[in-house]
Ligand code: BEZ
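Let's start with one chain on its own, the form predicted alone, as C-alpha coordinates.
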(Lines give C-alpha, C1' and ligand atoms only; values in the text may rest on other atoms or scores of the structure.)
Protein backbone atom coordinates (compact mmCIF):
# COMPACT_ATOMS: atom_id res chain seq x y z
CA UNK A 1 0.00 0.00 0.00
CA UNK A 2 1.55 3.28 -1.07
CA UNK A 3 1.65 6.37 1.12
CA UNK A 4 -0.95 9.03 0.46
CA UNK A 5 -1.39 12.63 1.55
CA UNK A 6 -2.54 12.78 5.14
CA UNK A 7 -1.06 9.40 6.07
CA UNK A 8 1.29 9.16 9.03
CA UNK A 9 4.89 9.13 7.80
CA UNK A 10 6.53 5.83 8.82
CA UNK A 11 9.10 6.03 11.59
CA UNK A 12 12.40 4.22 11.11
CA UNK A 13 15.93 3.80 12.42
CA UNK A 14 18.76 4.15 9.91
CA UNK A 15 22.46 4.75 9.50
CA UNK A 16 23.30 8.13 7.98
CA UNK A 17 26.36 10.20 7.18
CA UNK A 18 25.72 12.01 10.48
CA UNK A 19 25.32 8.85 12.57
CA UNK A 20 22.45 6.55 13.44
CA UNK A 21 19.09 8.28 13.70
CA UNK A 22 15.58 7.47 14.84
CA UNK A 23 13.52 9.46 12.35
CA UNK A 24 10.82 10.84 14.67
CA UNK A 25 13.35 11.76 17.35
CA UNK A 26 15.55 13.38 14.72
CA UNK A 27 12.63 15.44 13.42
CA UNK A 28 11.58 16.55 16.88
CA UNK A 29 9.18 19.48 16.51
CA UNK A 30 10.42 20.38 13.03
CA UNK A 31 8.90 19.90 9.61
CA UNK A 32 10.84 17.46 7.46
CA UNK A 33 11.80 16.84 3.85
CA UNK A 34 12.84 13.31 2.91
CA UNK A 35 14.09 13.01 -0.66
CA UNK A 36 15.52 9.97 -2.42
CA UNK A 37 18.16 9.39 -5.08
CA UNK A 38 18.54 6.36 -7.38
CA UNK A 39 22.22 5.90 -6.54
CA UNK A 40 25.37 7.74 -5.57
CA UNK A 41 27.40 9.53 -8.24
CA UNK A 42 24.36 10.32 -10.38
CA UNK A 43 24.87 13.68 -12.09
CA UNK A 44 21.45 15.31 -11.56
CA UNK A 45 21.31 14.24 -7.91
CA UNK A 46 24.79 15.68 -7.35
CA UNK A 47 23.45 19.11 -8.30
CA UNK A 48 20.36 18.62 -6.14
CA UNK A 49 22.26 17.75 -2.99
CA UNK A 50 24.49 20.75 -3.55
CA UNK A 51 21.42 22.97 -3.94
CA UNK A 52 19.86 21.70 -0.72
CA UNK A 53 23.11 22.39 1.12
CA UNK A 54 23.10 25.97 -0.15
CA UNK A 55 19.46 26.43 0.90
CA UNK A 56 19.88 25.27 4.51
CA UNK A 57 19.38 28.78 5.90
CA UNK A 58 16.07 29.02 4.04
CA UNK A 59 14.93 25.66 5.38
CA UNK A 60 15.97 26.57 8.92
CA UNK A 61 13.97 29.82 8.74
CA UNK A 62 10.93 27.65 8.08
CA UNK A 63 11.75 25.12 10.84
CA UNK A 64 12.40 22.40 8.25
CA UNK A 65 14.99 19.62 8.47
CA UNK A 66 16.21 17.93 5.28
CA UNK A 67 17.39 14.36 4.88
CA UNK A 68 18.34 12.46 1.73
CA UNK A 69 18.38 8.76 0.92
CA UNK A 70 20.30 6.52 -1.45
CA UNK A 71 20.45 2.73 -1.55
CA UNK A 72 24.26 2.80 -1.58
CA UNK A 73 26.28 2.17 1.62
CA UNK A 74 27.79 4.79 3.89
CA UNK A 75 31.32 4.47 2.48
CA UNK A 76 30.02 5.39 -0.95
CA UNK A 77 28.03 8.31 0.48
CA UNK A 78 31.12 9.81 2.11
CA UNK A 79 33.08 9.62 -1.13
CA UNK A 80 30.17 11.11 -3.09
CA UNK A 81 29.90 13.99 -0.61
CA UNK A 82 33.48 14.94 -1.44
CA UNK A 83 32.50 15.19 -5.11
CA UNK A 84 29.37 17.20 -4.27
CA UNK A 85 31.33 19.65 -2.15
CA UNK A 86 33.94 20.05 -4.87
CA UNK A 87 31.69 20.36 -7.91
CA UNK A 88 28.85 22.35 -6.32
CA UNK A 89 31.11 24.67 -4.30
CA UNK A 90 29.37 23.97 -1.01
CA UNK A 91 29.48 21.76 2.07
CA UNK A 92 26.83 19.05 2.47
CA UNK A 93 25.38 19.92 5.87
CA UNK A 94 22.50 17.45 6.30
CA UNK A 95 22.36 13.65 6.65
CA UNK A 96 22.16 11.13 3.81
CA UNK A 97 20.59 7.80 4.70
CA UNK A 98 22.34 4.59 3.67
CA UNK A 99 19.61 2.14 2.67
CA UNK A 100 21.37 -0.82 0.98
CA UNK A 101 18.64 -3.33 1.87
CA UNK A 102 15.76 -0.99 0.94
CA UNK A 103 14.22 -0.81 4.41
CA UNK A 104 13.30 2.87 4.24
CA UNK A 105 12.72 2.77 0.48
CA UNK A 106 10.02 0.12 0.92
CA UNK A 107 8.39 1.96 3.83
CA UNK A 108 8.01 5.03 1.62
CA UNK A 109 7.20 3.16 -1.61
CA UNK A 110 10.31 4.48 -3.36
CA UNK A 111 10.82 1.35 -5.48
CA UNK A 112 8.79 1.47 -8.69
CA UNK A 113 9.36 -1.71 -10.76
CA UNK A 114 8.39 0.04 -14.00
CA UNK A 115 11.36 2.35 -13.44
CA UNK A 116 13.77 0.00 -11.64
CA UNK A 117 13.52 -2.74 -9.06
CA UNK A 118 17.06 -2.03 -7.83
CA UNK A 119 17.06 1.74 -7.31
CA UNK A 120 14.75 4.27 -5.68
CA UNK A 121 12.79 6.74 -7.77
CA UNK A 122 13.44 10.41 -7.10
CA UNK A 123 10.74 11.17 -4.53
CA UNK A 124 10.09 14.10 -2.21
CA UNK A 125 8.06 13.82 0.98
CA UNK A 126 7.18 16.89 3.04
CA UNK A 127 6.23 15.88 6.58
CA UNK A 128 4.52 18.18 9.06
CA UNK A 129 5.15 18.58 12.78
CA UNK A 130 2.24 16.16 13.32
CA UNK A 131 4.24 13.53 11.37
CA UNK A 132 1.62 13.51 8.60
CA UNK A 133 2.60 13.47 4.92
CA UNK A 134 1.76 16.90 3.47
CA UNK A 135 3.18 16.53 -0.05
CA UNK A 136 4.50 13.78 -2.32
CA UNK A 137 6.39 14.45 -5.55
CA UNK A 138 8.07 11.96 -7.87
CA UNK A 139 10.45 13.18 -10.56
CA UNK A 140 11.85 11.37 -13.59
CA UNK A 141 15.58 10.71 -13.66
CA UNK A 142 16.19 13.32 -16.35
CA UNK A 143 14.58 16.29 -14.59
CA UNK A 144 16.19 18.00 -11.62
CA UNK A 145 13.95 18.92 -8.72
CA UNK A 146 12.96 22.57 -8.27
CA UNK A 147 13.79 23.37 -4.67
CA UNK A 148 12.53 26.95 -5.02
CA UNK A 149 9.14 25.36 -5.71
CA UNK A 150 9.53 23.09 -2.69
CA UNK A 151 10.21 26.15 -0.51
CA UNK A 152 7.14 27.84 -2.01
CA UNK A 153 5.00 24.80 -1.15
CA UNK A 154 6.33 24.79 2.42
CA UNK A 155 5.36 28.46 2.76
CA UNK A 156 1.87 27.59 1.53
CA UNK A 157 1.52 24.53 3.76
CA UNK A 158 2.61 26.39 6.87
CA UNK A 159 0.37 29.36 6.10
CA UNK A 160 -2.74 27.32 5.34
CA UNK A 161 -2.20 25.13 8.41
CA UNK A 162 -2.63 28.18 10.64
CA UNK A 163 -5.23 30.28 8.82
CA UNK A 164 -8.51 29.53 7.04
CA UNK A 165 -7.06 30.26 3.61
CA UNK A 166 -5.75 28.57 0.48
CA UNK A 167 -3.11 29.77 -1.96
CA UNK A 168 -4.02 30.38 -5.63
CA UNK A 169 -2.12 29.40 -8.76
CA UNK A 170 1.45 30.69 -8.89
CA UNK A 171 1.14 32.14 -5.39
CA UNK A 172 4.31 33.18 -3.63
CA UNK A 173 4.94 34.43 -0.11
CA UNK A 174 3.43 37.88 0.29
CA UNK A 175 0.71 37.55 -2.36
CA UNK A 176 -3.01 37.66 -1.67
CA UNK A 177 -4.64 34.41 -0.63
CA UNK A 178 -8.07 32.81 -1.07
CA UNK A 179 -10.48 32.72 1.87
CA UNK A 180 -11.67 29.20 2.62
CA UNK A 181 -15.23 28.46 1.40
CA UNK A 182 -16.14 27.37 4.94
CA UNK A 183 -15.86 30.98 6.14
CA UNK A 184 -19.20 32.80 5.90
CA UNK A 185 -19.29 36.29 4.39
CA UNK A 186 -20.48 37.78 7.66
CA UNK A 187 -17.47 36.32 9.51
CA UNK A 188 -14.79 37.59 7.15
CA UNK A 189 -14.30 41.03 8.69
CA UNK A 190 -13.52 39.57 12.12
CA UNK A 191 -11.17 36.88 10.81
CA UNK A 192 -9.46 38.99 8.13
CA UNK A 193 -9.26 42.61 9.33
CA UNK A 194 -7.03 43.63 6.41
CA UNK A 195 -10.10 43.52 4.18
CA UNK A 196 -11.11 41.31 1.29
CA UNK A 197 -12.24 41.28 -2.32
CA UNK A 198 -15.37 39.35 -3.31
CA UNK A 199 -14.82 38.22 -6.90
CA UNK A 200 -17.48 35.51 -6.84
CA UNK A 201 -19.48 34.04 -3.95
CA UNK A 202 -16.99 31.15 -3.91
CA UNK A 203 -13.87 33.23 -4.73
CA UNK A 204 -12.89 35.76 -2.10
CA UNK A 205 -9.36 37.02 -1.61
CA UNK A 206 -7.55 38.76 1.23
CA UNK A 207 -4.00 39.97 1.91
CA UNK A 208 -1.78 37.30 3.39
CA UNK A 209 -2.80 37.31 7.07
CA UNK A 210 0.63 36.71 8.60
CA UNK A 211 2.35 39.56 6.75
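Numbering follows the first chain given and starts at 1. Just so you know, these numbers come straight off a predicted model, no measurement behind them.
Note that the form predicted together with the named molecule isn't included here; everything after this is about it.
Asker: Answer for residue 44 alone: is it within 4.5 Å of the named molecule in the model of the complex, judged on heavy atom distances?
Answerer: Heavy-atom contact with the named molecule at 4.5 Å: present for residue 44.
Asker: Using 4.5 Å between non-hydrogen atoms, is residue 122 touching the named molecule in the model of the complex?
Answerer: Heavy-atom contact with the named molecule at 4.5 Å: present for residue 122.
Asker: I'd like to know if residue 141 sits close to the named molecule in the model of the complex, meaning any non-hydrogen atom pair within 4.5 angstroms.
Answerer: Yes - in the model of the complex, heavy atoms of residue 141 and the named molecule come within 4.5 Å of each other.
Asker: Although the partner isn't part of this model, could you tell me whether residue 38 comes within 4.5 Å of the named molecule in the model of the complex, counting any heavy atom of the residue?
Answerer: Yes, residue 38 lies within 4.5 Å of the named molecule in the model of the complex.
Asker: Looking at 148-156, 44-52, 59-67, 167-175, which one sits within 4.5 Å of the named molecule in the model of the complex if you count heavy atoms only?
Answerer: Result for this chain: 44-52.
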